[in-house]
Every structure is written in C-alpha cells, then in structure tokens.
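Laid out below as structure tokens are two forms of one and the same protein chain, each shown alone and named structure 1 and structure 2.
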Structure 1
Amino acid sequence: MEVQPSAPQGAGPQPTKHRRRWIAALIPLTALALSGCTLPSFGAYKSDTTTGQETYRLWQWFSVGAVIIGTFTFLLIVWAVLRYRRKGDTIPKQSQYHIPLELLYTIIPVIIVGVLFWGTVVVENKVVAMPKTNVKIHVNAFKWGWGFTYPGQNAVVVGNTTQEPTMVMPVGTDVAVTITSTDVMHGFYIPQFNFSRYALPGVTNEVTFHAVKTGTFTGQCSQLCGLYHSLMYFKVKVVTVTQYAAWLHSFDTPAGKLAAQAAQNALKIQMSAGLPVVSAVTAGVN
C-alpha cells in the first residue's frame, strides 16, 4: 500500500480510494481474461474439436492460476532466502505460530480448489457428453495397429505399424466413436483433439467428437502395449460432409467391396487369433 503514489490532496490513507483503484486495475484484467482467446496458449493445442476447445480454455484458466500462485510462492521463497541470509550469531525471534496467517493459507487454497473443481465439472460434462448422432465409427485397437469400421456402412479401414490407417470423419457433425481392444490395453490418443481414451479389452468406451475444421491430424497409441508400441500410429482425416458421403460410397462399388472385405478379414483374423496383422490393408479412395 505504501508504494502507491500518494494523492495530491495528501489527506492520508483513504481506504475507499485505494479500493477503487484496485477495482479499476482489476477490470481490464478480468476483461482480458474473460475474452479467453487473448490468453497465451501455455503450450497446449487450441484444438480442432468443440470439446477440445473447451478443454483448452480450462487449461488456460488452470495455467493462469498456476502461474500466479507459482510465481507468488517462488518469489516468496527467493525473498526469504535472500533477505534472511545469516548476518551474525544473534538468535532470531523464535516465532512458531501465526494462526490467522495459517488459516489464511488454508482457506484460500480451499476456495481456489473449489473454483478449479467447478470449472472442471463444467468442462468435463461437455467432454463426456454423448449427444445422439447417426455418424458412428468403431475403433478396434490391436497389437500393433488400428481397425476402423463404420457401423451400418461397408467402409472398413485397417492398418498396422507398416501402414498407418486413416480414420475418416465429417466436419461440423457429432461423430460417436466407440473404442475397444482385442488384446491388451491401448490408448486412443489424438493430441490435436486434446483427447485420449483407453482401448480396453472387454469394454467399449464411447466419445463424441465434433470437429470444427477439416484437415489431417496424427493419432497414436499412448498406452504401453508391448514391443512396437511406439510405432502404433494412425491418422484422422476430417473432411466435408459431402466428401465423407462420397468416401463411404466408394466402398459400395464392386472394387470397394472387395477391398473392404479384405480389410474385414484381416481384422477378423486379428480379433480371433490375437496375432499381429501381417500385411496391412488399407482401403478407400484416399
């Protein structure tokens, strides 16, 4: 408080004035903060799905908190270390408790945690929500590759470490993705969607993506699954709705059906025998 430039009236401390100044300083800060997009990214992806962007904003807010608290605490440590260096042999005051202060740094963190939890729940509910949709993709993870089938359609894509498979999905639509595994646990991880979910044997996980722009993104297995875990890549290709329909359609031609059949067989062999897919089969117009 002392460092504030004193008002020309010099009328001594004026609590209301001080408070007003604080508020005045806070307004632009909050405005800046509320507009979310002006915050730095703190290293994370902005993401290309709606839920991914929600997650990104949550990340920014957590980071604002972490930077403020972290900097404050760090400076406190540095200050204590530099200021209270040993300066002689006198014994400092042996103070041991300061109840108000201790309560303060118990209660404030509890409040902060409450706020963080609130934000978490809000975003989490959006991320795990499963709105009804007709566009469905089923992901089958196996050692060491991925199979993508499109329930109700002929389209099948299978690939392994030698040939990355591509999951094609439409933009601007809710896409329900179900994920499972045929052998060990895998992680269905798409960094730029800010999302990952285990592929578990015996369990079918479900998630909804709503991509906001077209493009190709990389995906990768994130959960250790054995020898070639680090080569278990896939691609996600987000296309326009018409392109998507055309792509699905390409599997309805005789050639497309054959290719889909071959992929389906490869996947079946994989699922029944638990053997690695020896030759990669990718199908489709892309």
Structure 2
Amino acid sequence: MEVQPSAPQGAGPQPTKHRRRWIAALIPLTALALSGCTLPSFGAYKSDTTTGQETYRLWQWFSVGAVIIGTFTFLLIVWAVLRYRRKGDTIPKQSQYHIPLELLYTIIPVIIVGVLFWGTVVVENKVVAMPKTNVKIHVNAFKWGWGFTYPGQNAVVVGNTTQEPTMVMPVGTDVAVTITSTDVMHGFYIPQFNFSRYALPGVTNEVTFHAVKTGTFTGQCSQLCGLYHSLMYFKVKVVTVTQYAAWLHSFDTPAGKLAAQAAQNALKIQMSAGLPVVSAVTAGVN
C-alpha cells in the first residue's frame, strides 16, 4: 500500500492562480493610494505668481510623463516575468543584435530627455528674468525670525519666533526681492508661490515676484537653522496697489516713524553679528 506524504503541520491551502493575480494587481494600487498623490496637481500648488504658475505646469507635464513611462516600464517587467518565467529546466531562447529594437530603446529615451531639458530651460529662463521695477523689498533672515525693509521707504517690519512678521506687496506688479542672512543658512520658502530660495550669510540672492491675486500666504524657513527653526514663520500679504501705497504712507506718520525706527533698531541688533553681504549671485522672477 502506497502511503501519501502528509502536508506539513499548520500549512493552509495554497493560493489559487486567480488569487495571486489579484494580489499582484493590488500591490501597485496600494502603493499609489499610500503615496497621497493628488490629481491633477500631483502635490504642487497652482501658485499665485506668474512664473510660479509656469513652474506648476512644468511639474504637471513632468509628473504625467513619469506616470506614463513608469506604467509602461512596469507592464514590460510584468510581461517579461509572466512570459519567460522558468518552467522546469527550460531556458528561454536567447537573442541579440536586434538592431531596430536597440535603436528604438536608445532614441526614445534621448528624445524624452531632450523634451524635458527644453521645457526646463524655457521655464527657468522666465524664472531668472529680472524685469526693471521700482518696488523693492529686502528680506533678511536671522535666528530665528525675519526682517523686511523697503529701500527708499520708511517701512520696516521685524519679527521672530511666534511673532510671524508680514511682508506686504502689491498685486499685479513686479516686486524685486533681495534675500540675505545674518548668521547661518536659512530658507525663504513660500509654498503657495512655488518658491524656495536660500538665505545665505555673506551672499545676496535676488528674485522678482509678480502676484496675480490678493490674499495672505504663509511662508517659513525651509532649512534646519537651529533650536527655534520650527517657529520661523512669516506672512506674505498681497494687496491692491492703492492699499500698498496707503500702507507705505502709514510709516510717514509720527506713530509710524516711531514704529519703523524701533523695528530698524531691532533689526540692526540682529544683524550686528552677521557677515557682510556681497554682490548678488542668483536672480529670478517668481
């Protein structure tokens, strides 16, 4: 009498082929769900500045291209795994020097890289352009706060840690912004402008904002700069041209001059330990 080998103790029924296929299909879907990706923005802001919107559109096209290429590559891998999976000791037929196929998978990636490079250059040229403007703001970062001064005007705004100072700027106008740091590396980051730029000691960075709508937006330091980095927030308030002129004029009143002088003195104290600022090394519109 032939005795059949018993199954290992505790072993359950083996998954069916249909079940394995469902598991294989759920893996990429689960990864997509856990990624938290939002469509059609792919996690980016539409932006409230002209070139920030250009950057947003470039990011969209890059993301769509990545999804298409990634999906195609994934399907090729799955097809190869299923089509050429090992069956016993059989080795699939080997082939080489398929000239048309080799040309195809060489030329297509070159074209893709060329298109991505061209799109990046076009948008980057818009980002780094510096149109002439009379509206200027000097941003100075220090541990752990921000100072905003307006060259040619009496307006000065300073705040640190929980104070969240506000940088006021007009809508529909090119605003030239210079960014410096008193002490260590900081990051001048405004998420809804799709903009981030280093604030470096001894270096001046420049950018031009052109806001397309009014509103108040949150900014923060994006570089770990010390103990109270997490409290280094600020606000950007975009107002109409008339409101901006009235805001500047408020610093010409006796009370406004006193407030501006106090803020200027506080900023000088913060900057007294910093390094000298040299000529600008980067520029750009956002």
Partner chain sequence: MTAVISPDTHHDDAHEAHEHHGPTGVLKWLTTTDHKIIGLSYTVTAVLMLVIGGFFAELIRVQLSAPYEHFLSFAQYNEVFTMHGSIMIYLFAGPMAFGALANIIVPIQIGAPDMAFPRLNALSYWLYLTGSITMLSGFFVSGGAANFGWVGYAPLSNAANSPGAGADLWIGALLLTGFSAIFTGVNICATVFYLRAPGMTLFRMPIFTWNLLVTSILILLAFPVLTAGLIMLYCDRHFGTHIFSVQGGGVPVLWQHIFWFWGHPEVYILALPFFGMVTEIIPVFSRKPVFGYKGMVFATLTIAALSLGVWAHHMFTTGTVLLPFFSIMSLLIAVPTGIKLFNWIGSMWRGQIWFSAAMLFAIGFVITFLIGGLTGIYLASPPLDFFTHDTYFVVAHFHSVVMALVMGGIAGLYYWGPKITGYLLNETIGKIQFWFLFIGSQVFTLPLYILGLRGMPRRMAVYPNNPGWQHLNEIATFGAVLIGISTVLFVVNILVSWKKYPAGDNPWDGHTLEWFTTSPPPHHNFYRLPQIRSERPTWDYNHPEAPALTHGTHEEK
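The term rigid core refers to the maximal set of C-alpha atoms that superpose within 1.5 Å between the two forms. The first residue in the sequence of structure 1 is number 1, and each one after it adds one. Source: prediction; values computed, not measured.
Structure 1 derives from the form predicted in complex with the partner chain, whereas structure 2 comes from the other one. Once both forms are overlaid on the rigid core, the distance between the two CA positions of residue 100 between structure 1 and structure 2 is 2 angstroms or more.
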